[in-house]
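Single chain ahead, written as structure tokens, the form predicted alone.
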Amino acid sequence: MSTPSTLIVPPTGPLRGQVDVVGDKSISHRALFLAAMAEGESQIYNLSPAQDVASTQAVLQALGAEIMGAEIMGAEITADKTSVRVRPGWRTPSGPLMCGNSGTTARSVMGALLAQGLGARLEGDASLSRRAMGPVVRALQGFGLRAELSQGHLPAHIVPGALRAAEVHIDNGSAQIKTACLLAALRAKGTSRITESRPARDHTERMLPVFGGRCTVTGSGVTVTGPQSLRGAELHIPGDVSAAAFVVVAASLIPGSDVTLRGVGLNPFRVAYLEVLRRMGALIEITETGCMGDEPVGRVRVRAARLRGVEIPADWAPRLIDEYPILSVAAAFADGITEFRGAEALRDKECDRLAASAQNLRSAGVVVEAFADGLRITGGGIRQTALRLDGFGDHRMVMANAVLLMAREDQAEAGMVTTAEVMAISDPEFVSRFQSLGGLMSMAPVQPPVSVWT
């Protein structure tokens, strides 16, 4: 278990240089699941070192897969080993499958268990156990899933069921639910169709052909005819464009900054935040340099600029769901008003990210109006000399708060963000990356209270 820590953010100057980001977390999950379902050995390069991905690795190992080259240390993958070999194997687990904090792990493994005809008990940490699992269970019931939830949440008991092809509609823009359905559809006899009200990330569809899988993608969904056999493959994972977002916003806000991010994934479903920032006046140059596993990759250069408020279309929400916390920070420093709606899914993340963003911005003196599905932020910057911000045990909230503290004007004292240890859930290299660019932030362990006996 990670040591409780506070992130200390002192005054900083311009951010400058070139830097890489960790392997993409979303793509890493899917690569491990498809490799575990394939025949033969797979080699995956630049696997994300995130704790969430370690949870997927541990779950697949408990189900019989051999994953070599990255060591499990508790719930973490050692940072110097990002290349893994995967050999498939499936068996009924001897105990509960521990999904940690990872919603992608919990939802995807439901589809994989159904595809393999296996049952298991799924458990998660306190945060994951608060997140809704009813929608994915209802979607997979069309494929034959039998599951018992605890009032719509984990723990879940998955019972082996009769797999069948199905037509399923997803109305909340969830790529995790879509991936779970695709994993089941690969093994189902017949043609399955998965439709969406709002298109979600398409990493699974892009990756399937790499492993010899076949699917047909249309504007409204994905069609899969099964059963299909996958084959082992070699896959290079691009840099995580969501991890890059924090650097992009920080470099946009801090005067004199000029940063280039290398090897970043440029999937069209993941780069909408770059377009939002451009509309706000950000100076961003994108250079596509090639593909990794049918995922476009390239360089992103960003220089400091004066931003202005914008209205973000509600139908962009599925493509911005991970970036709203950091876009809210950009909005706090922009001239004018920024408003976004259609983001009610933020209330069912590691914390209620709408409420958390509003609370922290208000504590910094920013005027925020909250709605059930979004925020209206009146920008103009903040000037408080010292702030203690709540990370809410949410990795994206901690990192967004760090950027807010870095971008303060007239800084005199260091600010602090609580629960900073959770950054490892998605990006254990966050602090070192900013340090390499000139940022001065550091981690400090939380000291336990001292008992005084009289």
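Everything numeric here is computed off the predicted structure, so don't read it as measured data. Sequential numbering from 1, following the sequence displayed.
The form predicted together with a small molecule is left out here; the points below concern that form.
For the small molecule in the model of the complex, the listed stretch (168-176, 154-162, 210-218, 134-142) containing residues with heavy atoms inside 4.5 Å is 168-176. Between the small molecule and the residues T104, Q116, T82, N267, the one pair within 4.5 Å by heavy atoms in the model of the complex involves T104. Of the candidates V271, V276, I254, I321, I321 is the one whose heavy atoms come within 4.5 Å of the small molecule in the model of the complex; the others do not. When contacts are judged by a 4.5 Å heavy atom cut-off, R206 does not count as touching the small molecule in the model of the complex. Using a 4.5 angstroms threshold between heavy atoms, S26 counts as touching the small molecule in the model of the complex.
Using a 4.5 angstroms threshold between heavy atoms, R408 stays clear of the small molecule in the model of the complex. For K349, a non-hydrogen atom is located within 4.5 Å of the small molecule in the model of the complex, even though that partner is not displayed.
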